[in-house]
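The chain below stands alone, shown as structure tokens; this is the form predicted alone.
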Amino acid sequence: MNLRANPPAVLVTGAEGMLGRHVCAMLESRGIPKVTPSHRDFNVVVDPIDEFLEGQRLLAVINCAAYTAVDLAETHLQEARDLNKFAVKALGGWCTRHKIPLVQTSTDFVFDGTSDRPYVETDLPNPLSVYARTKLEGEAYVAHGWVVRTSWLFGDQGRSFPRTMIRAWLLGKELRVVGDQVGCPTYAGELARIIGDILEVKPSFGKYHATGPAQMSWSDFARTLLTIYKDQHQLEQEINVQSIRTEDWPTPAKRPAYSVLSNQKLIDAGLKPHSSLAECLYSFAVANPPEKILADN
């Protein structure tokens, strides 16, 4: 693992996570050196940042570390606050003092889902869960950089909705999926590309929404991804997804019924928006053949 880079580099926290791996791949493809400490090497909440980074010049910090277990956060408040609030407080303060830009990822869940149009960056947040509240609290500490809100994130590795659905489908399990929550599935590879573009274009500091372009329910997402997956791998198995209501699948944390985010501010800043969902799902399918999905525990 790369803990030090001699030339100016980008510090990536959470580099071993789903988004972090895509961000690291993006930086490598652009020839940008990176510093990628694990949580064991560097705990940003308690370890002095100046001491850890002594002698290292930074171009930027990309914080991909987060407590993302939405339901577990309801009973693990301290863990969620440590990663989603206090880690950002430490990084945000350090970046402001040293004039190093910070990219902080956040979530559509900061909104309550009562809007009848896509949310824009100036809309008033109203988080419904511990996870959402701690992510919103973290946003407040980003003064020298960008808050990038995204939604329904999935990537080539790690746990995600597509991997869960495909594995259940391959195993012949009944698929009952919520059909009354609407959002925008977002491919982590494209989000990483957008983050890289932000560092290059350097739009005005502030909040930006960056999601996939397709609005759909979870059940529609399941049907779409399984159709593409079946086509990519030439499988014969039938697709049968039963759409259910939120109350039919109760969870500890409350989710917004509508969490579509507008990407217009990102586009107005001269940044290329997210590629089509179909294109992203084909990339995901290629990276995740059936034998790999079935090998997941």
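Keep in mind that this is a model prediction, so the values were computed, not measured. Residue positions are given as counts along the sequence shown, with the first one as 1.
As for the form predicted in complex with a small molecule, it is not shown, yet the points below apply to it.
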Per-stretch contact check against the small molecule in the predicted complex, the hit in 117-125, 197-205, 103-111, 172-180 (non-hydrogen atom, 4.5 angstroms): 103-111
Residue contact check: residue 83 to the small molecule in the predicted complex, 4.5 Å heavy atom: yes
Distance check, residue 68 to the small molecule in the predicted complex, heavy atom within 4.5 Å: yes
Residue 215, heavy atom within 4.5 angstroms of the small molecule in the predicted complex: no
Distance check, residue 59 to the small molecule in the predicted complex, heavy atom within 4.5 Å: no
Answer option from 244, 235, 45, 267, heavy atom within 4.5 Å of the small molecule in the predicted complex: 45
Position in contact with the small molecule when the complex is considered in the predicted complex, options 9, 18, 285, 24, heavy atoms within 4.5 Å: 18
